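Take a look at this single chain, the form predicted on its own, given in structure tokens.
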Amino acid sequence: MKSDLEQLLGERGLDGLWVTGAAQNNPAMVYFTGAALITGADLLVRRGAPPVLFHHLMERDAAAATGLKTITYQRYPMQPLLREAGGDRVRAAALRAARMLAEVGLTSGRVAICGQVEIGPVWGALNALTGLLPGLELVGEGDDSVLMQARATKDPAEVERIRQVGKITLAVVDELLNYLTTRPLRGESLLDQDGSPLRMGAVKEKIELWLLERGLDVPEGTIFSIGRAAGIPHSSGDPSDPLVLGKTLLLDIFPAERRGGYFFDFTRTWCLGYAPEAVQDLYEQVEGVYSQVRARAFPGSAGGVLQDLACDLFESRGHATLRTDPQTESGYVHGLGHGVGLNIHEAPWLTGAAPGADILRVGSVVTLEPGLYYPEREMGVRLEDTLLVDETGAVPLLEYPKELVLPVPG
């Protein structure tokens, strides 16, 4: 949580944090500012002091609405900086950065830097900055960054925002199922309005339109696939594929709040009309693994241990896993889950990549998404819920039925 940031900075030996970029579709910045209409900013956090947001004068009202201490870039006008830099814009940007850092008392020590920006100009300015402030060490962190570790648990307000995105998402899933189960049928194909076979692309467009109409964004797209494509975990599906009976139909839907806010993640697998015996068997195995792993997910559980449990269960049923064959394209071919927040994928990770490193804690919001994939048999099954870890275990933020067969007319 954000309240953990001070402690985490100390544990990492960091004196500060520098977040740069817009306050939209930029998780590191949005974490502090919210999804504000700020096109470019720098947020500086010195350990032991409140954050300071540097911003353009034109966006002063949006900056003020964040509740942070704010300073406009106009305090360091560019024309004098350009004269001092001999007309070199990159060096002028470095001079401005040095003055901002001095403003908050960060002219030396270790400062972690993060955010989303065009890398070229920033890279040049940072290189020049190291010459201006030789006592300053800028630190680039990986997936276990101090900010990602803070975001690995959510406070009640964050959890509620994710839940609200989930409620809208599941309303769209309801609308999808109502649409699919009321379409006319010819042979084994659902029909579109004009009597032609209903295609996956047309339905996917409806799904994303329904989300947008309800105020959500789809920045990462939507996975909607059938048959062989459902057997490739992140295949977005072939838009020309017809919706036909008896094939696995996989929906992985992960919208977010507008302008880069919180995500929700949800997957179900269905068959229209009926399920072949092989699909039914695969589905029951995945659902069984989901239930057994969820029963073992408690505060203090390690993501790698839960992934190993899923591998144990699938391997005992004769399926290949990434543990037995890191290059397998059939069987259980991905991690068990991941954190969800301002990124669709964030800490903690439920994988075997770093056993014991990603620990579930009270306030963790994670997905649980076991699956089995056999593209050569034209089928794939995945079930996924977004869970909140509380004192009792891992509980779905929202309940939704797990049913394989969707009835259709006739």
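What you see is a predicted model, and the numbers here were worked out from it, not measured in a lab. Sequential numbering from 1, following the sequence displayed.
Unshown form predicted together with a further copy of the same chain; subsequent notes refer to it.
- Although the partner is absent from this view, Ile119 contacts a further copy of the same chain in the predicted complex, with a non-hydrogen atom inside 4.5 angstroms.
- Contact between Ile223 and a further copy of the same chain in the predicted complex is not found at the 4.5 Å heavy atom cutoff.
- a further copy of the same chain is not drawn, but in the predicted complex it has a heavy atom within 4.5 Å of Leu212.
- In the predicted complex, a further copy of the same chain lies within 4.5 Å of some heavy atom of Leu138.
- Contact with a further copy of the same chain in the predicted complex, judged by any heavy atom within 4.5 Å, is made by just one of Ala64, Ala49, Met58, Val362: Met58.
- Exactly one listed residue, out of Leu245, Leu126, Ala150, Val293, brings a non-hydrogen atom to within 4.5 Å of a further copy of the same chain in the predicted complex: Leu126.
- Residue heavy atoms within 4.5 Å of a further copy of the same chain in the predicted complex occur in exactly one stretch of 167 to 175, 108 to 116, 301 to 309, 189 to 197, and that stretch is 108 to 116.
- Applying a 4.5 Å heavy atom cutoff to a further copy of the same chain in the predicted complex picks out Glu213, Pro219, His234 from 213 to 238, in order along the sequence.
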